[in-house]
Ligand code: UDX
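In structure tokens, the next block holds one chain alone, the form predicted on its own.
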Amino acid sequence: MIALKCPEIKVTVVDLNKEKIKEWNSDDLPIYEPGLDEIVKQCRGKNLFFSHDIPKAIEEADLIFISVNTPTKMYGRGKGMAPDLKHVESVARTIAKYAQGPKIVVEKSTVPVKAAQSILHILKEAQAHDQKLHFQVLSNPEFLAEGTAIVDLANPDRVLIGGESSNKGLAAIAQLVRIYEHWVPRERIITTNTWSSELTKLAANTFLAQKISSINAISAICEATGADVREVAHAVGYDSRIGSKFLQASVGFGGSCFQKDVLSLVYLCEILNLKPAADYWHGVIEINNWQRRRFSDNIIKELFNTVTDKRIALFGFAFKKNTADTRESSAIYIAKHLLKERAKLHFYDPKVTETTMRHDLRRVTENELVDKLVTIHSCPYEAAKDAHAVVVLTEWDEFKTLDYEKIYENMQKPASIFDGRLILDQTNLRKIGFRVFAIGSAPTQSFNLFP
């Protein structure tokens, strides 16, 4: 977005992965995001460049954005909760090694509070041995959402910049503010101290995840009482103190941010000896996992309490529509539960590749089960052919307009649909002949054979 909105600024994106850089310089970009392709092709070769020459890029840059992945640690201290900062530290050391003059280093990656301090310690050590060097570290977290990232960047609710309160710190903040002012009104650019900026990113994602888990908890009550979660969410959302966004009940949240950031906040609370706060936020994750388990258990129950050797079509693998990102997708965990019951799973997703699907499934279950029981299709009608059930796991718009009469005709009977995203016309599906089960709606076609 900087390259698009600031044509006088040269933007160089660097990566150690030469193949990834090659893809960024090709017509086939390595990620799918609506609108991204057009911007890259408009700016590339003019003021936007992709390179694996990291030393040169560091030497020439005035501002350096650290935008590396910070996944949850799966080893050692903090395993399963703490963010893994090895890539952040590696970048900081690389900057210290190749910088030839003053640099403003901007922390874009989602990091725990005080991470900027560790970056600064590394850079200050280099500065102490070379008088030409001077570093300021800013926190500038991103609040965009995959699928709408370009729109979010072009018209953000706010831009947050944190830095030191010293004169040099304020000057560095002002430089970054001037860049954003090319397209963001000044009143939407918030400046804080570094630690407030870092914590705000975690808090924002945790609040959003909490909202999703809240409506999902309500969806379970709706199914048990006859209330409709869509009607409840609609009425609750009219309260201006709550708002209507993120009140869409579903099989649970996924993506690279929510679970990782909630767990990071839980870990922070634990190391600060704030156990009640840690337990409170961990409950958000527990509800999300429970919602996935509850949904898959209902599939099994309504298919006569066994799915062994039954063909089940799963529509969607991405964690949300308009992205090919599958990180922490609920589809992975629903599939895991069904594979344990030896169901034959037939997947269709318009953007996710077979390689990605099989890789993700092999991370959570036995390779033998994936090889034997999983089939990937390029057509939803083929995926649903001879299936006992269709399960909607991603809210792709195309799933709303499929020919469900055609799908019904080619399925085993009784044919069932499990709508995990509340995007289908349940009334019409019942008229066609489907048994329909949807998140947050009391089942009216349950055989009630099993408790």
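In this text the structure is predicted, and so the values were computed from the model without any measurement. Numbers follow the displayed sequence, beginning with 1.
Although not depicted, the form predicted together with the named molecule is the subject of the following passage.
Student: Please tell me whether the candidate spot formed by Ile212, Gln248 and Phe253 is one where all three residues come within 4.5 Å of the named molecule in the model of the complex (heavy atoms).
Tutor: Yes: Ile212, Gln248 and Phe253 each sit within 4.5 Å of the named molecule in the model of the complex.
Student: Pick from Ile189, Leu369, Leu144, Ile376: which residue has any heavy atom within 4.5 angstroms of the named molecule in the model of the complex?
Tutor: Only one listed residue qualifies here, and that residue is Leu144.
Student: So which of Val159, Val352, Cys257, Val284 gets a non-hydrogen atom within 4.5 Å of the named molecule in the model of the complex?
Tutor: Answer to the contact question: Cys257.
Student: Of the listed stretches (268-276, 356-364, 239-247, 89-97), which one has a non-hydrogen atom within 4.5 Å of the named molecule in the model of the complex?
Tutor: Heavy-atom contact with the partner occurs in 239-247.
Student: Taking the named molecule as it sits in the model of the complex, is Leu208 near enough to touch it, meaning that at least one heavy atom pair lies within 4.5 angstroms?
Tutor: Contact with the named molecule, yes.
Student: Taking the named molecule as it sits in the model of the complex, is Asp419 in contact with it (heavy atom to heavy atom, 4.5 Å or less)?
Tutor: Because no heavy atom of Asp419 falls inside 4.5 Å of the named molecule in the model of the complex, the answer is no.
Student: Answer with yes or no whether Phe317 is in contact with the named molecule in the model of the complex, where contact means some heavy atom within 4.5 Å.
Tutor: Close contact is absent here: in the model of the complex, Phe317 is far from the named molecule, nothing within 4.5 Å, heavy atoms only.
Student: Taking the named molecule in the model of the complex, which residues of 375-399 have any heavy atom within 4.5 Å of it?
Tutor: Contacts from 375-399: just Glu395.
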